[in-house]
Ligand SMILES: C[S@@+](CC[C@H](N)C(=O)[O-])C[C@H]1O[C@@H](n2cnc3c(N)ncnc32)[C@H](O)[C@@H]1O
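One chain comes next, on its own, written as structure tokens: the form predicted on its own.
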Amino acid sequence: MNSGAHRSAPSLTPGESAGARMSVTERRWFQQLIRRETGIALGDAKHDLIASRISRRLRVLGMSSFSDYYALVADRDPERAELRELIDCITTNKTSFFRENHHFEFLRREVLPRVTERSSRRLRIWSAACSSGEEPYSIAITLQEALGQNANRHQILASDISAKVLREAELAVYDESQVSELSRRQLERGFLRGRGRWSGRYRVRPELRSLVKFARINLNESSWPIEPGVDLIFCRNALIYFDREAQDGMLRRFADLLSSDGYLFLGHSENLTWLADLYERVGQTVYRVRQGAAQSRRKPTDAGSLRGRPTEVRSRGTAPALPRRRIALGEMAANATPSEISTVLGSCVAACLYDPEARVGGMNHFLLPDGDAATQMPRRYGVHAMELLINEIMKQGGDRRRLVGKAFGGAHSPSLGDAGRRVAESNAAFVRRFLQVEGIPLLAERLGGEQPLEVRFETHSGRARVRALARAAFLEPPPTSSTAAPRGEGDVTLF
């Protein structure tokens, strides 16, 4: 589960409204959050766009601080409902019917004649960033024009990360200006004209709507609910919002999903020059996987289907288990590959640090801020433990300037009296102060209380799961003062 108590990021200065100015630090927080959750990389030049669009949510919620809103959406949103609202605000959804018409001509000229010749062939088509629906409905119109009633044998999955535009796409109602580029024949065969209060509006006919199924899919997720053997993937003008690493991963996964004679359609400003060993160009921004190039090609089954529920996605199967490592007092671990680090805490503290751009994270477990024994066992003490963790994350490719943090532990067992309480409070105060001095935002914490904790931290996502344990598991008898020597290893039982 998510951590319990949370700290807001620093608030704006008194009297400064959200509409007035977003600080550079706040912009970076949102850039990192959006990059982590969606894969979308918003450059510094997008400062005004980010501030303007997020301001809409602040007005809806009656909030005046970007920092408070960040704390809400990053850590106090267990159902992730507000995160979805933020994504809806940030994502750009510009599209139109038959945009980049050469793709539909390619479909009509190169793909559909072969389908007609082999009447049993069933096309599976994925519109991977469908926005408000113009693209998948343009595909459906093309199928209808070329195949007539046989069009209904084929299947189109339309997905987007924005639940808002998916609702619009499912409704399939468009203003006159949105259909103005369509021919009279396309309007008559593909749309119903609105009357009365719907005058000036057009709705896609039921027989075309039935060809399209909608699902909310985040292209940044580790799994997509789609079987291999897809014939056509339209992912146009979406990759430009991702960095090269994310683009590379998505394009390789597209290759694994495509059938042996499938096609990938990209936007007019997108190209695959750096993946020439995997894809070959067969038309204007139309690509096909080179024979034998896809590394994990799986044979499609005839029963395979494009899956998904409207505005919702469920992953298929169980995700592979992450490599796990338990750390004890005086230990730390960091990793640039997906893994889980865990520990159990009483009065001790664990700091979890994460670079959301490099996706490198780590966790430590220390006893006290400092002490006389620190020169002998430095890893047990806060200052040394924090610097060792930061240095290890940097070795793994992280950047100290981008780090964000979460902190756990510092609990007090009533059986240990006032001395134990002082130690626990000192540990909690230290980690807060250290992160503040270093300029590392403390996104979440669960410090204090009377229950020990089990903490599990994902190094590749920055997510932490926390479980409160029974008091009987309180197995870290702390020193009676900050200068006393720590107990021996045999007295620290963590599992």
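Residue positions are given as counts along the sequence shown, with the first one as 1. Everything numeric in this text was worked out from a predicted model, so none of it was measured.
Keep in mind that the form predicted in complex with this ligand is not shown, yet the notes after this line are about it.
Enquirer: Does the trio 94, 128 and 220 actually contact this ligand in the predicted bound form, every residue with a heavy atom within 4.5 Å?
Expert: Every residue of the candidate spot has a heavy atom within 4.5 Å of this ligand in the predicted bound form.
Enquirer: Looking at 201, 252, 422, 99 here, can you tell me which has any non-hydrogen atom within 4.5 angstroms of this ligand in the predicted bound form?
Expert: Among 201, 252, 422, 99, a heavy atom within 4.5 Å of this ligand in the predicted bound form occurs only for 99.
Enquirer: Just one of 368, 238, 211, 139 has a heavy atom within 4.5 angstroms of this ligand in the predicted bound form, so which one?
Expert: The option sitting close enough to the partner is 238.
Enquirer: If contact means a heavy atom within 4.5 Å, which one of 63-71, 22-30, 432-440, 37-45 is the stretch that engages this ligand in the predicted bound form?
Expert: So the stretch in question is 37-45.
Enquirer: Is residue 335 close enough to touch this ligand in the predicted bound form, meaning at least one heavy atom pair within 4.5 Å?
Expert: Taking the distances in the predicted bound form, the answer for residue 335 is no, it never comes within 4.5 Å of this ligand.
Enquirer: Even though the partner isn't displayed, in the predicted bound form is residue 191 close enough to this ligand, meaning a heavy atom within 4.5 Å?
Expert: Contact with this ligand, no.
Enquirer: Residue 161 near this ligand in the predicted bound form, any heavy atom under 4.5 Å?
Expert: Yes, residue 161 lies within 4.5 Å of this ligand in the predicted bound form.
Enquirer: I'd like to check something about residue 106: if you look in the predicted bound form, is any of its heavy atoms closer than or equal to 4.5 Å to a heavy atom of this ligand?
Expert: No - in the predicted bound form, heavy atoms of residue 106 and this ligand never come within 4.5 Å of each other.
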